[in-house]
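Below sits a lone chain in structure tokens, taken as the form predicted alone.
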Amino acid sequence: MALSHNKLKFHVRTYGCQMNVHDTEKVSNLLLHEGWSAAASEEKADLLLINTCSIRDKAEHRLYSDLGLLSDWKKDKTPRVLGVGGCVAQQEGDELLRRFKQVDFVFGTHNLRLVPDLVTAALLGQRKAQIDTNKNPDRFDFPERHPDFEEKTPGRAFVTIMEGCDMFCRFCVVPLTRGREISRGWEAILSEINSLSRKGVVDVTLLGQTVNAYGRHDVKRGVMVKKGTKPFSDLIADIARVEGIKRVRYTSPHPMFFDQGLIDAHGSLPELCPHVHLPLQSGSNHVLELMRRRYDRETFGRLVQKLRESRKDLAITTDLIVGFPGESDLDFEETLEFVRDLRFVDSYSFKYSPRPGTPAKGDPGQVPAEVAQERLERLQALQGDLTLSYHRERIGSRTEVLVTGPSRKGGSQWQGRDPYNRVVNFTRGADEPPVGELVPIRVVEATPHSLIGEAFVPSVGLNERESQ
């Protein structure tokens, strides 16, 4: 039975990381190519997809609460279809269909390309869960962006280069929800980036769960040519040569996979942004061993030093977990000391959250919630001081901002991100700045969360932080 989707509209709720955001973009693009159109709101949608996150239990509990409320949404209009994807979908599968009768289909992280077929089946009354693991690199293949695809961040785009993780840290559910490492062929990556550049993209972020592990198994086995991969630093160099690409970023790397080629690239490639998000998780060797992070603080510190030697103005941010089972007061104090010594520009810090299927879930020495909360507040207060100090050091410097739109602060301010991945709110007189384009900025003020700047016309070519 052929179904026409020409008058049907879809909407997607997205929880979680940048990979999830990009997965939502992929699915949205697929549906546009199938004749669907994007709804301005959930109330106007015939199809609602929820792209889930399972890194912490808070996001998972929010999903279950939302699904309960969506029973009324489903009944309000016929036909309406509700699908659940992402990491919780990969974990739970058929259980979501059993528990929530309003859910029509479930799709795992390897099955994005099947969404149009699952929607069609749902419209015919069939409920399905598709969570099979797909090790074929063709799962990375998606059509070019549809003409009606709405750019959330004009001028900037995510590009998936690998998925999965083989590290099996004891707190992390990613190997269970995203699978083992698999790298995409470099020719397909460059083809996508060339296409994005022709559409006006100047800033690309390379995505992967351990993004700098790209191609590492092929290198070890001597099958790079056969598999179509290459060393990560070589891939970055190729991307930097794509006409129109001004900025290259990557997230999130693993500290173990920084080779000398990648370190050197930060000093030799002007297109490679001077920002590295380098997850630490803990500043205590005891906790790092409990977490199975496979490095110690001394190794991590040497890596930070090498990166800063390669490019002196490099901005380094990190991830931190407090309250991991077995973390003592002394362990936490060591984390504070290490963060203070390394002076991270910013960090994403969280209380440990037990995840199903992970070894740490049943570990002894669980830290009381109130202790973990107190530690988190102390860590975030320290990081707030470090971030504000860094921002103040930037006052008087010049940089370049990719304009994303009007500032959330309102008034006549606009907003964008600079190469160091800092949010910059700025004024530009009577002229409206071009969204998706690069604008030279002079930093005039610092706040705990952003820089304040003013646009200017440079008399000569702009050098990042030239006045510092």
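Note that residue numbering begins at 1 and tracks the sequence as displayed. Values in this document were obtained by computation on a predicted structure and should not be read as measured data.
What follows is about the form predicted in complex with 5'-deoxyadenosine (5AD), which we do not show.
When contacts are judged by a 4.5 Å heavy atom cut-off, P274 does not count as touching 5'-deoxyadenosine (5AD) in the predicted bound form. The shortest heavy atom separation between L70 and 5'-deoxyadenosine (5AD) in the predicted bound form exceeds 4.5 Å. Residue contact with 5'-deoxyadenosine (5AD) in the predicted bound form: R56 places a heavy atom within 4.5 Å of it.
Not displayed here, 5'-deoxyadenosine (5AD) is kept clear of R156 by more than 4.5 Å at the level of heavy atoms in the predicted bound form. The single contact residue among S310, T387, T160, S353, judged by any heavy atom lying within 4.5 Å of 5'-deoxyadenosine (5AD) in the predicted bound form, is S353. In summary, among the residues V88, I189, I321, V201, the only one with a non-hydrogen atom within 4.5 Å of 5'-deoxyadenosine (5AD) in the predicted bound form is I321. The chain is drawn here without 5'-deoxyadenosine (5AD); in the predicted bound form, the stretch among 170-178, 189-197, 129-137, 374-382 whose residues come within 4.5 Å of it by any heavy atom is 170-178. Along 251-289, residues P279, Q281 each place a heavy atom within 4.5 Å of 5'-deoxyadenosine (5AD) in the predicted bound form.
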